[in-house]
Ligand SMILES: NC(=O)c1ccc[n+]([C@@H]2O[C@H](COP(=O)([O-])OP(=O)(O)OC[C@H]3O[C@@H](n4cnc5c(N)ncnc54)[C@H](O)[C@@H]3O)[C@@H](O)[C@H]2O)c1
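Let's start with one chain on its own, the form predicted alone, as C-alpha cells.
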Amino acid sequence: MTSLNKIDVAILGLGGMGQTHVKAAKDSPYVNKIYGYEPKLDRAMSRGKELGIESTSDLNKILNNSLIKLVYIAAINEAHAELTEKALRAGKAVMCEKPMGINIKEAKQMLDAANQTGQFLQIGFELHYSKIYTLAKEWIDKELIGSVINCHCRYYCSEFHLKNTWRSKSKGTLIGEKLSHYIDLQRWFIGSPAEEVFSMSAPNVIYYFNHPDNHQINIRFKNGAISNLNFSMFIGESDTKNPNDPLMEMLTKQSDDGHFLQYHIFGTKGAIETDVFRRRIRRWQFSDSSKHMISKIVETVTYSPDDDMEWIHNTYGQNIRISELVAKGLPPDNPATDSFETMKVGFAAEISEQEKRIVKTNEIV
C-alpha cells in the first residue's frame, strides 16, 4: 500500500480562526509538521505553546523553509494581500481567508502574484464545502428547479465583533469581511456573470463601527437573473445562549430571537429554501393545472446540532481538503479567478453605496 505524501504547513495568524486551521492541520492525514506565525514575539510564543505547534515571529523562517509547501493565512484583513504575495513568491501554495484584500488593488495584487508564479491560491469561501449549500447546488445542477432566475438572502444577526477590536475598526466593510460569503453563493447558484450592482445602507445603529452595519445589495446577472442580500447586525438578541440552562442550545434560541440566515432560490420549475437556524433545506416543485400554477414542497432535509459546522460553515472540511489538493499536486477546487469576481461585486456594492448609483462590474478594474 502506497503511503500518503505528507507536507509541512504554516498558519499565519494564530487567533480564533488560526486555531481552527491548526486543528484541521493536526487532523489532516496529508500534514506532517505544523508551524505558526505571529508578528509579536510574546504572542507567537504563547499561542504556539497553547496550540502545541512550533511558532515564530520571524516570517522569513516560514518563507525560507523549503519543507513548508502550504501556508494558511488567518491574519487580520489588512495583512491578507501582503502575506499572500510574499508566500506565493516564496514558492508556497496559499489558502487565504476572505476577504481577498480590502480593495480592488489588493485583490488584483493577490491574483497577479498567483498568475505570475503559477502557485496554488484558494480563498476561504468554505460555504462551497458546507452541506446545506452543496445540496442546494446539487439540486440546481440536476435542474430540479429549472433555471434560477431570482435569489434572495436574508441575514439578520446581533453585534458580535465587539468594541475596540480590529473588526469594528477595520478599514474594509462587512461586505468583504462577512457578506462576500453570501454574494459568492448567489453567484454560484445562478451561474452567470454579475453585470450590475445597486446597494444601499442606512445610518448606523452601532455607533462605534468604522463601516456600515447594514446593507441592501442588489445584483443583476448577464442571463437576466437577479439577487438580493438583506443584511443587518443589530436585531438579533445578544445573549444567544443561557449559560445557566444546559438544555438551551444556541441555534434553537437564535431561531426565535431575531436571527435569520435564509436563502430563497427561485427557478422556473421550483424553488429552494436553506434555513440555518431551523437546520433545514426544502425544495418546492411547480406544476400546472386547469386553474392555476401549483406549488408543492416535495423534499425536506434536516440535520442535527452535532452536524452544524459540517452543514453551515465547513471551514474544517475545506482546510483538510486543501491540504489534500496541495499534497497531491492538484489545482484549487475554487480558482482564485472566481473568488476575484465575487470580490468585484463586493467592491461595486461599496462604490454604489458611496456614490448612490448603479455600478457595472466592468468598472471595477
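The first residue of the shown sequence is 1; numbering continues from there. Everything numeric here is computed off the predicted structure, so don't read it as measured data.
Below: the form predicted together with this ligand, not depicted.
Between the options Phe286, Phe234, Trp166, Phe198, which residue brings a heavy atom to within 4.5 Å of this ligand in the predicted bound form? Only one listed residue qualifies here, and that residue is Trp166.
Pick from Leu83, Ile104, Leu179, Ala113: which has a non-hydrogen atom within 4.5 Å of this ligand in the predicted bound form? Looking at Leu83, Ile104, Leu179, Ala113 one by one, just Leu83 meets the 4.5 Å heavy-atom criterion.
Though only this chain appears here, would Arg43 touch this ligand in the predicted bound form if you measure heavy atom gaps against 4.5 Å? Yes.
Although the partner isn't part of this model, could you tell me whether Asp184 comes within 4.5 Å of this ligand in the predicted bound form, counting any heavy atom of the residue? Heavy-atom contact with this ligand at 4.5 Å: absent for Asp184.
Pro335: touches this ligand in the predicted bound form, heavy atom cutoff 4.5 angstroms: Looking in the predicted bound form, residue contacts with this ligand do not include Pro335, since no heavy atom lies within 4.5 Å.
With a 4.5 Å heavy atom cut-off, would you call Lys98 a contact of this ligand in the predicted bound form? Contact check for Lys98: yes, within 4.5 Å of this ligand in the predicted bound form.
Can you confirm whether Tyr133, Ala136 and Val276, the three residues that make up this candidate site, all sit within 4.5 Å of this ligand in the predicted bound form, judged by heavy atoms? The answer is no; none of Tyr133, Ala136 and Val276 reaches this ligand.
Okay, which stretch from 292-300, 35-43, 325-333, 22-30 lines this ligand in the predicted bound form, with non-hydrogen atoms inside 4.5 Å? Going by heavy atoms within 4.5 Å, the stretch is 35-43.
With this ligand taken in the predicted bound form, which residues across 57-84 come within 4.5 angstroms through any non-hydrogen atom? Ala74, Ala75, Ile76, Asn77, Ala79, His80, Leu83, in sequence order.
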